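Encoded as structure tokens, the following chain is the form predicted on its own, with no partner shown.
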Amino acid sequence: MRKILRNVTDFICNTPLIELSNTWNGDGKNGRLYAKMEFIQPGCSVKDRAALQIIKDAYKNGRLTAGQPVVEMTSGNMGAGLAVVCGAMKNPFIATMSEGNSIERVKILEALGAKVIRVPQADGTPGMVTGSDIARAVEKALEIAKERNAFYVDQFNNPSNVAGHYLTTGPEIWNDLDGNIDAFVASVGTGATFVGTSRFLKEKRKSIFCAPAEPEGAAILKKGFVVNPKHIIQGTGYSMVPPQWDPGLVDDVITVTDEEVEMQTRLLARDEGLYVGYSSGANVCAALKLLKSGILKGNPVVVTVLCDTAYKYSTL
């Protein structure tokens, strides 16, 4: 029976897992690698589910009212998710974005009805957005929110960002695998995907191995310092410990290089038919390193996230 959706927000969440059998051929003996297909959501990324949770919670607690503008700093994905949700709920959406993010992301946001304000970079370069670049975009978002009496999303500090994954991503993975999961790997921007999902999974079974992925030169979580804040994984690795970070959920931190990420992203397209972005490549690369490390015993099941589509990038 065909399901008829009330509006586009009904299509957010409940994404399927796909086994990356051409990427990791475990033959049922050396483990299995699954990835959650977040790029098929309306805004084409994992951020859709967090955007929906944030706006729903803001209405529930009275911080947002009908017709009130919504403002947020974004690298593109949260912006697209918010544009989709705000459009459905008839709240005008304004996004501030570093000029280092790809122009494709700007075009997507504008097509979805958002007003996009691009902010000059502080120390990054096109395609490589740093924590300082993000800070500038945040300052602009705060300025606009004050001027327009708008609801400022504040995704880095907003607990609804983490809750969106605790309430949806974690349970979906657990239920789809009937609890047969040994490890979860996810790259870190705001940290919400990793923290929310890992928190749920570890409440179900504490032994589930949870590992964030970081750019090798900006591995602040693993090393405590940054060698080079510039890297190709847009939307992650901002050379800062996220405000809602929970180190108690971390069993190990896995680092990846730009070269490894670029190669793995291209292999996902060629070998699996999955045209996804660099953060997806980073996640799969880190998951493969975990599988090959021997840390996980027996015949482990590892799950990671395909964060967004490659159509949002200039170079893929």
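All residue numbers are counted from 1 along the displayed sequence. If you're wondering where the values come from, they're calculated on a predicted model, not measured in any experiment.
One more form of this protein, predicted in complex with a small molecule, exists but is not displayed; see below.
Novice: Whether residue 193 contacts the small molecule in the predicted complex should be assessed with a 4.5 Å heavy atom distance threshold; does it?
Specialist: Output for residue 193 is yes: heavy atoms within 4.5 Å of the small molecule.
Novice: Examine residue 47 and determine whether its closest non-hydrogen atom to the small molecule in the predicted complex is within 4.5 angstroms.
Specialist: Looking in the predicted complex, residue contacts with the small molecule include residue 47, since a heavy atom lies within 4.5 Å.
Novice: With heavy atoms only and a cut-off of 4.5 Å, decide whether residue 189 touches the small molecule in the predicted complex.
Specialist: Yes, residue 189 lies within 4.5 Å of the small molecule in the predicted complex.
Novice: Heavy atom to heavy atom, is residue 235 within 4.5 Å of the small molecule in the predicted complex?
Specialist: Result yes; residue 235 sits at the interface with the small molecule in the predicted complex.
Novice: When the small molecule is placed as it is in the predicted complex, which of 175 to 183, 109 to 117, 123 to 131, 227 to 235 ends up with heavy atoms within 4.5 Å of it?
Specialist: This holds for exactly one stretch, 227 to 235.
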